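Encoded as structure tokens, the following chain is the form predicted on its own, with no partner shown.
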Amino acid sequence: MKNNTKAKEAFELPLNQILDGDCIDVMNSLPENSVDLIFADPPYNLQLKGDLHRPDNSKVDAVDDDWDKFSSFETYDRFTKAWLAAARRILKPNGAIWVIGSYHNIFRVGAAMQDAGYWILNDVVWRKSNPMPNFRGKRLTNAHETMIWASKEESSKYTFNYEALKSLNEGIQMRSDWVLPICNGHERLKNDEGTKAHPTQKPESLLHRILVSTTNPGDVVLDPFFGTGTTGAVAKKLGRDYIGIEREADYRKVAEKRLKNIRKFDNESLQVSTSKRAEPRVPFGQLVERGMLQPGEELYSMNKRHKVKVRADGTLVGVDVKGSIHQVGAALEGAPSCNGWTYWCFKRDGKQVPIDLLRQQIRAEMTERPN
């Protein structure tokens, strides 16, 4: 019994922690099929040649750290395949991954993802509303980065909160080009010397959109290139558990300080819009069983053209027509189909009340948490 307890403890996920070490080694030490979502911001392998200067000859603080340097494309590809394989092993069967990159690396990463067995769902263009200009004037301004969203495999039932994204976009279906500003101003973290703590810190708005759309409260989100902790900060606010992996001590120090001051939003605020299909199914007959509508009670079409009676088995009967709320509505309108929930109403105190209000009342009871 004692040994079983130790084995169980050994496989518990290190939730809401920043793990020190190489991301491949650390991911390979985690339990298989244990993570809901991975957000990965790997080295871009920018291949910079010399310093970059502005027109006034001031030096641009570009990405020239050792962690972004690889001796060849072959070396970078081996690294990419290794971390993608480690990431796929720890993803749950219905898990998914987001990988962000630039033109320097994202096409190589995308091919490696398909070779590894991931199923690409979308490529999303993050169009920066305030990009850094091209100082040399020899190429187009790099105003976007590309993100690849993929499920673990083709058959995965991945999370996609479609209605929540639509709500974020003022009721319009979210497109695959996202216009968001780069990280700057008060959001840009500084180190003890007062300079940028990380050269490629991602804005919280980007992670907010990703986590709201493709995770749910309580999900486990892993970031194998944690940096200064943007993924963890947004996950913590949104009630998701995070696991960060970061080998650079300076970045871990900044991230730990940042996360210490983050507070989770209240549970009610974390709820998002859901699809009607995701809501609990309520048969019309249940309204009759519960006495919310009585056998013999009359229903009226919202356009006031038709009237029917409710029967004890939850069907409706009218002149030369009988059947479900949907069948009767379609027959009376001469239409191929009809949503009976929005078509019929009943009268209370002389006012028309949609029967859908009764359905919503039952649904609310079904989702209420016990005290």
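This is a predicted model, so every value here is computed, not measured. All residue numbers are counted from 1 along the displayed sequence.
Unshown form predicted together with a further copy of the same chain; subsequent notes refer to it.
Remark: R108 counts among the residues lining a further copy of the same chain in the model of the complex, judged by a heavy atom distance of 4.5 Å or less. When contacts are judged by a 4.5 Å heavy atom cut-off, V179 counts as touching a further copy of the same chain in the model of the complex. A residue is said to contact a partner when one of its heavy atoms sits within 4.5 Å of a partner heavy atom; Q114 meets this definition for a further copy of the same chain in the model of the complex. Residue contact with a further copy of the same chain in the model of the complex: G137 places a heavy atom within 4.5 Å of it.
This chain is displayed without a further copy of the same chain, yet in the model of the complex the stretch 168-176 from 249-257, 188-196, 221-229, 168-176 comes within 4.5 Å of it by heavy atoms. This chain is displayed alone, yet in the model of the complex one of N33, S337, N303, S29 has a heavy atom within 4.5 Å of a further copy of the same chain; that residue is S337. Put simply, of V124, A96, L299, I100 only one has a heavy atom within 4.5 Å of a further copy of the same chain in the model of the complex, and it is V124. Although a further copy of the same chain is not shown here, in the model of the complex the stretch 23-39 places no heavy atom of any residue within 4.5 Å of it.
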